[in-house]
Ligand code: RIB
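As structure tokens, one chain now follows by itself in the form predicted alone.
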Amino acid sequence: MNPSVVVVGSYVQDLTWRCAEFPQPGETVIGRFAAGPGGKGSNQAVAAARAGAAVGFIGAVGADGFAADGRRFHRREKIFTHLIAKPRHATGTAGILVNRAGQNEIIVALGANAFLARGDIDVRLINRAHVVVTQLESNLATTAHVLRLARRAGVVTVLNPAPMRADFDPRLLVNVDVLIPNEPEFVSLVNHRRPGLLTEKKLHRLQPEQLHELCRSLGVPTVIVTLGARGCLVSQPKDFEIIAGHAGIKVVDTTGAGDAFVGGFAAGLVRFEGDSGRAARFANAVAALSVTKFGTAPAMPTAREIARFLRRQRD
């Protein structure tokens, strides 16, 4: 198998609690529990695969039951998976709280993801891909290595700078073709270059032209800022486009919506032969559908669901 989309990143076991309201400090609330596959890298791989792309995944796990669950899940999703075992480390885990409005709070323990090494990367898999997708939820030195390998091979490189980290090095952006931050991540990226320039409150007051200008300051050819229910802004050297979100969506759980967008975008980039605008519109639909179901990877929509949704939106 020669996957057209290769995702290098995290596999995490999601441990999720649903509750009416988030607990306050010192408070205990009653909720409902569920466990399932997650991790930004894995979620993005699942989103791309369900959206119709041939997908490969490279990540690290422990030698434990969570890792076995992950391998079985990826086989069912028809993802060509390299989950490298790190016996001295546990599979990554995420503690997720979801309130009745569908909003979430998340803590991630990287576990084995932090030990994904350069030698774990299948260079042939990278070289044969059309698109390589990375995030910041595994070893950052290995992420930088993957982006360099892909750039040298002429493969389109996508970075989702999530979760934004204190040890993030902006030099990572040198080998990025498409950067996809959400609003808090975009604020952090801008402030890395010009400390104190931007806050989320200021960002919400910006005109699209001003947001585009800040995107251009990051030095990446294509910057897509996801704006939640408002859609996204696609900024490229010569122009920008605002792509509106989809109205009338019943939100159940926003966990994984950003991953749905990134995976959907990667699949769309292959499907639409590099057209970032069309890929972003496709990704908007994937993300919108993902929030109508509970969970992360299990909530990613199928190609049939996406096609049906887009037909309804056109009617």
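In case it trips you up, residue 1 is the first one in the sequence shown, and so on. No experiment lies behind these values; they were computed from the predicted model shown.
The following text describes the form predicted in complex with ligand RIB, which does not appear among the structures shown.
> Residues in which of 262-270, 36-44, 276-284, 66-74 have heavy atoms within 4.5 Å of ligand RIB in the predicted bound form?
Correct option: 36-44.
> With ligand RIB left out of view, choose which of 211, 83, 96, 189 has a non-hydrogen atom within 4.5 angstroms of it in the predicted bound form.
Among 211, 83, 96, 189, a heavy atom within 4.5 Å of ligand RIB in the predicted bound form occurs only for 96.
> Decide whether residue 256 counts as a contact residue for ligand RIB in the predicted bound form under a heavy atom distance cut-off of 4.5 Å.
Residue-level check for residue 256: yes, a contact with ligand RIB.
> Taking ligand RIB as it sits in the predicted bound form, is residue 114 near enough to touch it, meaning that at least one heavy atom pair lies within 4.5 angstroms?
Result no; residue 114 lies far from ligand RIB in the predicted bound form.
> How about residue 108: is it within 4.5 Å of ligand RIB in the predicted bound form, going by heavy atoms?
Residue 108: contacts ligand RIB in the predicted bound form.
> Using the arrangement in the predicted bound form, list in sequence order the residues of 291-310 with any heavy atom within 4.5 angstroms of ligand RIB.
Stretch hits: a single one, 296.
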